[in-house]
Each structure stands twice: as structure tokens, then as C-alpha cells.
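Take a look at this single chain in C-alpha cells; it is the form predicted on its own.
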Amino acid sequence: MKRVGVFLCWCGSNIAGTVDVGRVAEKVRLLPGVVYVEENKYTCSEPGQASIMKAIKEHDLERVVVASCSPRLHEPTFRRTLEAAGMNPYHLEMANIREHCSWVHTDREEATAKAFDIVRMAVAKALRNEALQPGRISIEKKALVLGGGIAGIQAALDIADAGHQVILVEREPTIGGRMAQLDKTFPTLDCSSCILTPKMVDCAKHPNITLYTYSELEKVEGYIGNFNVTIRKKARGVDEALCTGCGLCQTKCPVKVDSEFDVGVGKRKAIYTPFPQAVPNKPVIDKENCRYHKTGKCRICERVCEAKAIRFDQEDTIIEEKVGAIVVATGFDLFDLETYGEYGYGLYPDVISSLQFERLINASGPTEGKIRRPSDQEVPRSVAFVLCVGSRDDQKGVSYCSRACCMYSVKHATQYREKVKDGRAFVFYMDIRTPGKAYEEFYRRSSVDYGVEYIRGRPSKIYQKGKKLVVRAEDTLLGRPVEVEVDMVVLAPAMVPKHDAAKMAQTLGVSYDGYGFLNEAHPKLRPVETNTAGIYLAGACQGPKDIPDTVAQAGAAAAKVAALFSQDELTTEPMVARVDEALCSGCLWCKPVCPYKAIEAKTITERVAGRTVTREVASVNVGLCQGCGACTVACRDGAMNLAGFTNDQVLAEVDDLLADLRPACGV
């Protein structure tokens, strides 16, 4: 029988406060195979790890059980400890007596009994643990960044500056994202374009960055270090190599439609660049509104183009690339404000969104920074800013806080008072949240120095009264109803996932939450990684963020990619699914249940009764497999087994747990 050493952790009072660790140790010493038991206050500490290495050598231990916290937290730590002591790291077994026991119990006797059961199950499994060996795979040192907003730009620049090739894919005709639509950034009121456009230019000119705008990801295959991606570069209707960006085609185009970049408060032509500082500064033809594409007549842009760059017959291009890592920086959408019919958005022209207000106050916007009422282009002498429209609302919206809304509404109210000196700014709020450096001071300054009036209460109704809009609410601080007549209302919508975020997650093979935001591997310890190795998250695709947090996370994702690319080969996790080809019937029920697309069919040839027979069996791509075990459950033939969690090991745990019950049951 293998010689097992058991190390029981007190975790300070996290475990010892509920579990009698000493009593557990006494009972564990009597288990078959256990030759050494030790208690530590902090087993994960350097002295705790040193004691494990010392015991392995002095007691000739062949298997080690550490009873402490979640293996997700410290299993890599203890594996390295075993490896340093000369033992195969997969001879380690962890018993989670913190999250699974002490933290969920208050009765000390029950917790102690349960802790012993958990430890003896771990010992039973450890006796059957096998020596596993990690594999090695090559790494393609090229990264794919999805999304050309500030998160994607920052990640691409950081990876490129580290000396690696980057492919940046953006679905819009230009990079820049939401930040390009903003006028100023809080709390310093720096010009957003002044900060962003130099980075956009750096990104386009960087020798290590290949920029694909007006393009979308179609397919992802492969695994960490070796992803094969398919990108569709949509037809712009313009030859980018010939186009000089002179803008004459846009000037002469007779068709005007609402501008998506200006969120409907400005116009653009049917051939257009979204904004003057667009990168690349090459126009795109909107086929849905182009007169030639609709009627077969016009072609004015083609006639005036001196560079002869117009291509009405241009088709989409399919590009295939091999990359080693993927950074997802696809950003966010805004909540549909028409959900709140009582606020009149879409009904009253002077009820607008915060992003529309950004375009009105922007010097490069449709009104050149002059605040005008959409209905009559008059200067509004009073404006109401309504916060949390869709945020923190379980009934009509989303339950979470969108984080940036309070601060950008404070910014808007401040900017309004700067431009309209005699105007009145009202802010209707639930709570003002200022979770950042200098944010609280900025909020206080808006009230003290700029005279912004804050009313604590969510409006119940907004309706028109002549040329005025009436905002009806309850001031919860004063405990009385209020009605405020204003010239314009600005609603702050919740930040929500992109409309196709779920589809993107499925294409990439990563998980997403109930709202549609992409899930990180661990909210505290692995905030930029996903459970699919080699795919990282940056920015608001993971959840609502402001610009500083977005840039910080983009840099963190880039650092993870650079660390991956610092290796020539990657060590793969050996705890993956294995196929017993002798038992496999080739039904492939395992294939559709695999969330990582790691299972494919393969053909084998074998001798049966003196004849050569060819048949189909399942095959596991160890680079893709994450060891989730879904295939082992789906396999009807019992041909699938998970290394490190084999049927034999799991049943041994169950048998040991039920051993005390069998006499009572007559078994």
C-alpha cells in the first residue's frame, strides 16, 4: 500500500474556528495507508511548504493529502512543493475543508465530523492517484485583439511594444470605440480625442500591428498557442490602397441619413467616414442607403473621385490567420431607453440619452459644441439629468450598477453649467457613487462651484407641458413629491453587453453570465483570463467599467499574452479526458456535450477475428480539453475517463464514505 502523508491546515481561524482540527488528525492517523499526519496554522506559507518537503523525505511519503482551502486557490502552490521535493506533482490530493466545511457550518461537532469524511475520501483517492506527465505544445507568437475601442487599442499597443505581431479586428469602419464619441473625460475634464487619437494613429502606424477595420470574426478553431481564426473583411466599396481620404466623395454625395456616430442627433452621407479623425481615414459606402445600390443610378462619388478608388462591385474578403492568444475587447451597448415609456424617450424630441448629449457638447459634434434643444435648436435654460435608467432595476432593467453613469452625469451637469452660465441643472439620483481617485471631489465641486442641484429620487413620469418637460419624482430626503419644469431631459442608460455577446462567446468557446457579459476565470485571482486557455478579457465586455479601469485591464491582458509568448513551448495540463478505444463504439455522444470543442472522430484500423476492420472512435485534442469531465458522463460505453479523476478514483471516494453506513443497511 502507498505511504500517505496528511497535512491539516488551520487557516488561522478560518478552519480551526469551526473544525476541531486536532480531533480530525487523531482519526486520520488510523486510516489505511496514512503514515504521517501534521497540523499547520498556515500550510500554504513558506514554513508550511517546507514542512511538507521535509516530511516527504523523512517519511518516504508516496502520496500527499493537504486538507485546507479550495484547490482552485492553492493546488498549483502545493504541486510545486511536491515537485521541489522530487515527487510527481499529481500525487497530491487536496481536501477542501474550508469552503466545503468550516465556512458553511456553525455546529462544531457536525463540522468536525464532516471534515474527517472529506479528508478520508481524499486519502482513498490519493492511494489511487497516478503519476501524470504534462505535454508540450508549440506557440504561435501572434495575438488577435477583437475590438478597436480604447481597451483593444491599449492591449494591441502593449503586445506590439513587447515585440509580438498583433492582428486588431474592429467591426466599425474606424477604431476608437465609445471613447471617440466623448467630449471630455472625468474627473480631470481632459479632451477625450486629445488622449485617444494619438493612440489610434500609433496603432495604425505600428509595424507590429495589422489593422482590419469593418471586419468581423467568423470562426475560431484550435487551442492555446495554436488558434486558427477566420475573419470576414466586409466590402467598403472603396479601394483603401488608392483612396487618399480627401473627402470629396462625401461632400458631393446627395444622400443624407442619421449618423450612428452622432447617435441620431447629426447626419452623415451614404459614403462616409464616421468622424474627421477616423483611423483609417477612408470612407465606406452604406449600401442600404446608397442611391446607386438602391436604384442603379447616381455614381456621383465615382465621377468626382480623382484617385479612381470607388468600387461598387467590391466583395467581402475572407482572411485566415494563425494566432497564439486572443484578447476580447468588444465593449458594451447601452440600455434601450424606450423600455421606460413613462420617461418619453422616442416620444418627446427633447428627451435624449447621455451619449446624445455627449455629441451635442462635443466641439466636433453636429452643433460644434453648442448645446441646443433638438426640437427647436434653442438654448435650454434648464436641464434635468436622470440617473440609473435601466441600472439597479430588477423590474424593467438590470440589477447591477453601471459604475460610470453617476460620474459622467456629474460631468454633463458641470459642462452644461460652464456653457450656459444662467442655466439650471437638476440631477435626479438614487445614490451618487464615486468609486475612484478624485471622483468624490469632482462631485462635490459640481454642487459647490457650479451650483448643480441634486434631488434624491427616481422620477416616476416625464411629460410635456407646452414647450416644457415636467419631471415628476419624490424627493426621498425631504419626504415630499416634487415637479420640476425643464427645457431638456438627459437620461443615463445602463451599460449592457453587446447585442451579440452571447454569439461571440459561443464562437470563442468561453462562458458568459446571465446578462451576457463574458466570464473571467476567477473574479479576484484571474480577472483577465477565461476558462478557455489563451483567451483573455479586456474592458467592458466583462462588465461595466470606466476608462481608467478599462485601460488597466487591457494592460493586464496584454501582460498575460506577453508572458505566454515569452515561452517557446507551453506545458499542457495532463488532467484531460482519455478514450479507451477498445470500449468506444464511435457513437460520439461525447462530442456535442464538450464545451471546448475538444472531441472529434477519428478512424482506426484493428484486427478482429483474423480480419482487418476499420471503424470510427472518439479522439480528444489535449490542447483544447480543459478536463471538465462532461464527456465521461455522456459516454454510454464507459470508454471516456478523466485523468486524475478516473472512475476507479471517484468510486473509491464514494466507497470509503459509505463504509460506515453499510453495516446499518445490511450491506
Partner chain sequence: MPRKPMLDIERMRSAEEALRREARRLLADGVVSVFLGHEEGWDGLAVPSFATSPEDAEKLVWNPLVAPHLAKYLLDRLAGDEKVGIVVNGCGSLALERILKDRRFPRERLYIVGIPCTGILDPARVADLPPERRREVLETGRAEAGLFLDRCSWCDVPNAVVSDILVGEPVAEEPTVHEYPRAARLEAMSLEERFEHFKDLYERCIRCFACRNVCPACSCRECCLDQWEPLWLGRATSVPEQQMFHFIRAFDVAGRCIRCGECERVCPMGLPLMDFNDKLLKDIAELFGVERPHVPTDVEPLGRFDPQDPDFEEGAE
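Positions refer to the first chain, counted from 1. Heads up, when I say rigid core I mean the largest set of C-alphas that superpose within 1.5 Å between the two forms. Not measured: the values here are computed from a predicted model.
The same protein also exists as the form predicted together with its partner chain; that form is not shown, yet it is the one meant from here on.
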{"property": "In the model of the complex, the one of Leu588, Ala533, Ala162, Ile352 near its partner chain [non-hydrogen atom within 4.5 angstroms]", "result": "Leu588"}
{"property": "Among the candidates Val593, Val201, Ile300, Val257, the residue which, in the model of the complex, approaches its partner chain to within 4.5 Å (heavy atoms)", "result": "Val593"}
{"property": "Its partner chain contact in the model of the complex: Ala563, any heavy atom under 4.5 Å", "result": "no"}
{"property": "is_contact(Arg636, its partner chain) in the model of the complex, heavy atom dist at most 4.5 Å", "result": "yes"}
{"property": "4.5 Å heavy atom contact, Ala582 and its partner chain in the model of the complex", "result": "yes"}
{"property": "Its partner chain contact at Ala16 in the model of the complex, heavy atom, 4.5 Å", "result": "no"}
{"property": "Residues within stretch 613 to 647 having a non-hydrogen atom within 4.5 Å of its partner chain in the model of the complex", "result": "Val613, Arg615, Glu616, Arg636, Asp637, Asn647"}
{"property": "Rigid-core frame, C-alpha of Glu260, shift of 2 angstroms or more between this form and the one not shown", "result": "no"}
{"property": "Flag for Tyr348, CA shift 2 Å or larger between this form and the one not shown after aligning core", "result": "no"}
{"property": "Core-aligned CA displacement of Lys591 at least 2 Å between this form and the one not shown", "result": "yes"}
